[in-house]
Each structure stands twice: as structure tokens, then as C-alpha cells.
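In C-alpha cells, one chain follows: the form predicted alone.
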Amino acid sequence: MSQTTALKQQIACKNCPLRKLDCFREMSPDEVDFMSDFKSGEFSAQAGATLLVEGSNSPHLYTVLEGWGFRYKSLPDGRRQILNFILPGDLIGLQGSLLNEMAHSIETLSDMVLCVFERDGLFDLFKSSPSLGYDITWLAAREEQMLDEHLLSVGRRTAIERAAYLISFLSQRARRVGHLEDQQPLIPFTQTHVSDTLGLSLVHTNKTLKKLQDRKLIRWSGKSCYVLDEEKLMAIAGWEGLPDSRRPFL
């Protein structure tokens, strides 16, 4: 792990800022007490830090409290495929905890703060709090569902459909966790990140994004993407959007 700083438990679970967001389900007092005991602390990571490495065996689970990141796999020659993006409320490290080895790596896009949980406490969680155990199962199923849609995009959507899907998908996710207020840009990413997600060359990606700009659906400025018309992006992608329901988090 690089460019990270361990922190003491600074935010009590009962005061967790994620609990104030409408997109997350409410926890019962007993669940909050359990999570307070389960949580071992927090740490911060700078933008560009590697949180978990493919092939590693992490003794911890993490919930993103602040910031953006992404999951990816790499080929021996350095080519990279970004699998999905990570936002506040997302759980990471479950794969390495249950299967003893990470099949992908995780890098930060912005400065991040994460809650830390000991994986040795997972069995007690499933045993003592079935509702939280169900939440972990739900989060794993949701990640699979998102990867299904991403695979459809890379395999069957055209270049402009892929770009429209990715940007509208990230726009919806970001807005639900309060990241698109006051005309904020989508996330601090480059066109290389988009290229590595869409499975297109950088040149093709640049031309595709320009088409969306010409239609006044997005505005690209430096490392920032401003979403101007999410509904038309969804229409281009043939995507109905994320389910309008409250989701769990740990």
C-alpha cells in the first residue's frame, strides 16, 4: 500500500456522514453498535495511491467514506482494463478476504478516506448480525450486476453508446452520494481512464467524447467532465438507469 496514512477511529459510526444520505438504508441501533465494534479505524490515501494489488491477500475490508477510486486488471505488457469505479459507501477487499487473493487491483482517483474492518470479524458478523450479513451479500450481487452491464457495453455497444453509458452511469452514482452539487464536474479522471474503461484506443476515445461534446451532452475540461444532459446520454446508450431504491453499506 503506498501513499497512505493510518488514522485512529475519528468518526463514530453513529455520526457517519453516509447515514445522512437518502440513497443508503437506515441501520438499527443494534447494527450501529455492532459496526462500531467491528470497525478498527480509518486511513487516508492520496490520489494515485494503490490500495490493493492483484494477487495480494489483505487482512482488511474497507468502506469508502470519501473520494473516488477504480478497480482494474492488467496484462503483462501493461495494458489495463478498468472494471468499475468506487464511490463513497462501496465495500472493497471482500474478494481478497473470502478467496484469499485479490483478482484485481484498486487505485485512487482522488484523495480518499476509508473505514477499516478486520476480516477475522466477518464470521462473527454473519453469525451475530444476519441483517448485516445480508447487506454484504447484496453488495456483492450489486457489483456483479454492474459488471454484467459493463461487459454488455464493452462487448456490444458502439463507441458512442459505450461512452454515453459510462458517463450517465457515473453521473447517477455520483449524484446519489452528493458529488454533483453546485455544477461540480463528474470526477477527476483523464481520457486515458475512459479509454481503459471502454476498451477503445485513446484516439478513438477522444473522437467519441468530442461527438458527445458537439451534441452538447457533456463538456470536457482538462481532467474534468461536466454532464449537461444525462437523459439524452441514457437514451443513446439504451440504458434505463440505476434502480431507484435505498442500498445498504457497512
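These figures come from a predicted structure and were not determined experimentally. Numbering starts at 1 and follows the sequence shown.
This protein has a second form, the form predicted in complex with another copy of the chain, left out of what is shown; the following refers to that one.
Participant: Though another copy of the chain is not shown, can you say which of 44, 63, 208, 195 has a heavy atom within 4.5 Å of it in the predicted bound form?
Facilitator: For this set of options, the contacting one is 195.
Participant: Is another copy of the chain in the predicted bound form close enough to 73, 136 and 161 that every residue in that trio has a heavy atom within 4.5 angstroms of it?
Facilitator: Checking in the predicted bound form: 73, 136 and 161 are all within 4.5 Å of another copy of the chain.
Participant: Does any heavy atom of residue 200 come within 4.5 Å of a heavy atom of another copy of the chain in the predicted bound form?
Facilitator: Flag for residue 200 set to yes.
Participant: Just to confirm, residue 175 within 4.5 Å of another copy of the chain in the predicted bound form by heavy atoms?
Facilitator: Residue 175: no contact with another copy of the chain in the predicted bound form.
Participant: So in the predicted bound form, does any heavy atom of residue 107 sit within 4.5 Å of another copy of the chain?
Facilitator: No - in the predicted bound form, heavy atoms of residue 107 and another copy of the chain never come within 4.5 Å of each other.
Participant: Does another copy of the chain get within 4.5 angstroms of any non-hydrogen atom of residue 150 in the predicted bound form?
Facilitator: Heavy-atom contact with another copy of the chain at 4.5 Å: present for residue 150.
Participant: Which residues in 122 to 153 have a heavy atom within 4.5 Å of another copy of the chain in the predicted bound form?
Facilitator: Read in sequence order, the residues that approach another copy of the chain (within 4.5 Å, in the predicted bound form) are 122, 123, 126, 127, 130, 131, 133, 134, 136, 137, 138, 140, 141, 142, 143, 144, 145, 147, 148, 149, 150, 151, 152.
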